[in-house]
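Here we start with a single chain on its own, the form predicted alone, put down as structure tokens.
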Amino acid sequence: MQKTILTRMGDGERLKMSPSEIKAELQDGSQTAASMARIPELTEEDIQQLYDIMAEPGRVVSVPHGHELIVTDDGIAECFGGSEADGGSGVSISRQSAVLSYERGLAADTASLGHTDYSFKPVKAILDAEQQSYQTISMLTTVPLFYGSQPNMGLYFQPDGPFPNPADLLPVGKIKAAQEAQEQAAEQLCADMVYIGKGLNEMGCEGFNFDTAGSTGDAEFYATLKAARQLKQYAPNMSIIIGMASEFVLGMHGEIAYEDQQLAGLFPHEQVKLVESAGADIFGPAINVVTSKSFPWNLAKALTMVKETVARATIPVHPNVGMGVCGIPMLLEVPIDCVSRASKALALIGKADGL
């Protein structure tokens, strides 16, 4: 048996751990997730299989033939032309060239397009330009092409938007005013997302990705669910993805509900049921990484939540496997040793439908 196993911390720092230390981290990570979300822990067989993946000597690991998963993304198709500060390659090429390079050079399963800011609010003002870009690129791509963006309700609060900022109201005890501001912002956000979705559907949009939903809390998740339902009713053949911002919905409002279900505090296995009800086609859980904990601990935590989510879901589940979520260290350029191990574990143990 190996005396030490090379792994990482949640911030990407390299470290060596003994087999017993790895197993203890896996057990503790799973127990933590089970306690937080009130769900079952990983089984002994799961822990052993996860340990075996951690202990594989290769820098990159993979699944057996026949267990490959489809991959969707949140704008990574434009990474070749994206700035290095955003994790891109910084190559001086257009969005169109970047997407085609991703599709044809990397044999992508799907590709995506998104505004540079990757938030819905700025897209509304330039929708005609985004429609033209999407139509042009979709005529040249073969794989499904999604249009993605973040709800990012924070842009609707002052000083960037028209509504009072809850961050200013809550500290001074103006709870009701903060809730009302969030409700008003949520309605405007929903209207904007539906407007953009309908506009892109007119250009033949094949898929719409609500990315990092709930980043400003439960009111934003409410707006996303409401917009997804309206778009699905308007365009039933346009695939809709809802990918989350965190493992549980932040209660910034605290009382807002969707279909009589209070949204604050919901974990992925609960979130997915509302996403299904809204009519979305794919759900992307995001399990937060604790940077002061090890990669084995973080992956076991994520795997515990994803496994239960998949077990309860009736739609495909594509866990978000990127910087700071689902076990992946908080690094701009994520390490392939962690990405490949997390992907293999989510496929074989978590039974995910995609990544």
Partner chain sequence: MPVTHIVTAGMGGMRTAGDLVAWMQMSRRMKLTDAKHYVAEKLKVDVMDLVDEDVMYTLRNDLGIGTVTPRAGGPEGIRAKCKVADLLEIEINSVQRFKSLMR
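What you see is a predicted model; the values in this text were computed from it and never measured. Residue numbers count along the first chain shown, from 1.
In what follows, reference is made to the form predicted in complex with the partner chain, a form of this protein that is not presented.
- Contact annotation for residue 206: at least one heavy atom lies within 4.5 Å of the partner chain in the model of the complex.
- Remark: residue 292 does not count among the residues lining the partner chain in the model of the complex, judged by a heavy atom distance of 4.5 Å or less.
- The closest non-hydrogen atom of residue 339 lies within 4.5 Å of the partner chain in the model of the complex.
- Looking at residue 163, you'd find every heavy atom of it more than 4.5 angstroms from the partner chain in the model of the complex.
- The partner is absent here; in the model of the complex, the one residue of 48, 31, 288, 62 having a heavy atom within 4.5 Å of the partner chain is 62.
- Only one of 141, 230, 119, 246 comes within 4.5 Å of the partner chain in the model of the complex through a heavy atom, and that residue is 141.
- Contact annotation: the partner chain lies within 4.5 Å of heavy atoms from the stretch 66-74 in the model of the complex, the single such stretch among 66-74, 295-303, 22-30, 40-48.
- Contact check for 318, 323 and 355: all three have a heavy atom within 4.5 Å of the partner chain in the model of the complex.
- Residues of 97-120 placing a heavy atom within 4.5 Å of the partner chain in the model of the complex, in sequence order: 102, 103, 104, 106, 107, 108, 109, 110.
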